[in-house]
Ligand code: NDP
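Here we start with a single chain on its own, the form predicted alone, put down as structure tokens.
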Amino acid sequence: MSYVDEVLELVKKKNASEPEFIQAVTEVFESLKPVIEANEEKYKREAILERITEPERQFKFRVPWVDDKGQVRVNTGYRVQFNSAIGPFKGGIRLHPSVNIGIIKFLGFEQIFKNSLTSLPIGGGKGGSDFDPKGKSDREIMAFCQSFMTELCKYIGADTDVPAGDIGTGAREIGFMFGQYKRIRGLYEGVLTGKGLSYGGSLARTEATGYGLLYFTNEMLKSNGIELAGKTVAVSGAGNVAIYAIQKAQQLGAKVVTCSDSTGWIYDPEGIDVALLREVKEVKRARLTEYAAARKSAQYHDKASEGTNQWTIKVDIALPCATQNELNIDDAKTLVANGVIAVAEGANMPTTIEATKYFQANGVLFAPGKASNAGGVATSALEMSQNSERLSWSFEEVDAKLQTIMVNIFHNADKAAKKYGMEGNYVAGANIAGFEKVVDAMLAQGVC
């Protein structure tokens, strides 16, 4: 049995109840085989794979809070500090009923390589809770966030672990958490990113993941002799990533015709109206039915009653920007049959392994999330730099740095794939490029 297979079996045995984590490790290990086989004796002696799949530390804690009716509620909080070989732990806080330790570990593991790819000094971590912000008042959300941070503040810091936002954690939640951290620790420092502009946030952070996705996608297409302008695009999701991916895609000359939320999806053949979408989702916090009601060209489809999704629409490019494993093998077959030429992940692992392999086998350009959606964490690291310097850069400065980082990520992944004889396999290239930097740092620092 090879070293890769040996450790993969160990991971499956130790984490049998964590399918998302096992899926992430399997995908990474499969693409890393050429690198590991070339260094098998050294990596095995140093237990590199065992160390990189075992978090440095992980915390699970109770989060009690009081709702508006005076009822005490209890949620579970998590923080997994996965790998600090190249810098302080960095990764978002996800607030969603589906959150469990396996999902947080999968996200934290992916974050190691994503953060490495940015070439910025940040390690991998992730956190969250099974708390659902939907339907809660601002006071209830504040009560939860303050309780959550009362425990989390013991384990984080500007040079230790710097959380950010994720699904369910936006500017409102970050603000409540930052206030509680400052109150308890008595420190005004860059311990969280995604902060408001009035207290240390960065311009372009809100747009960063969506914009970065398009900068990466555009560079991938250009390097393969394809123009983004004039292409038709399907996007899933209607949150931060999706909204700004749609905005940037249309700025670059493409037409985006779909978006979705947890209950349904929109097909708008005239192109998604970003201003209307922002009004519905960011201001009203409403469902996409309101978008369809306000725009004659839009068709609303209910997921539950119709059993359909946005991947049935004929498009040139697909950008899954919602959640993990949302695009499966049947969706992949439909997209390929309809002539899709590129798929780029805006969410974390939104495409199943089977669907990813199908795209690759059928000549579809495929960009993995750890590379294509790294714009958010890259800009978070730029926010950390601004906080350290007590400076605020202009939107244009941050956006220019983001574009440079995303273009470099593509070329680093492209070169790594070519180096190991896998030209065009950007999944393998991204994993290899991220892995090699982290391993070099781990080996230099000894057994720790």
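Heads up: residue numbers just count along the shown sequence, starting at 1. As the structure is a computational prediction, the values presented were derived from the model and not from experiment.
The same protein has a further form, the form predicted together with the ligand, not shown here; the description that follows concerns it.
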For this chain shown on its own, do 212, 368 and 409 all sit within 4.5 Å of the ligand in the predicted bound form, going by heavy atoms? no
Out of 96, 231, 278, 136, which one falls within 4.5 Å of the ligand in the predicted bound form, going by heavy atoms? 96
Listed residue (75, 250, 360, 323) with a non-hydrogen atom within 4.5 angstroms of the ligand in the predicted bound form: 323
Go through 292-300, 137-145, 257-265, 153-161 and give me the stretch that gets within 4.5 Å of the ligand in the predicted bound form, heavy atoms only. 257-265
Within 4.5 Å, heavy atoms only: does residue 114 come near the ligand in the predicted bound form? yes
In the predicted bound form, is there a heavy atom of the ligand that lies within 4.5 Å of any heavy atom of residue 202, even though the partner is absent here? no
So, in the predicted bound form, is residue 182 in contact with the ligand at a 4.5 angstroms heavy atom limit? no
Can you tell me whether residue 173 touches the ligand? I mean in the predicted bound form, with a 4.5 angstroms heavy atom cut-off. no
Restricting to 146-178, the residues within 4.5 Å of the ligand in the predicted bound form through any heavy atom are 166, 167, 168
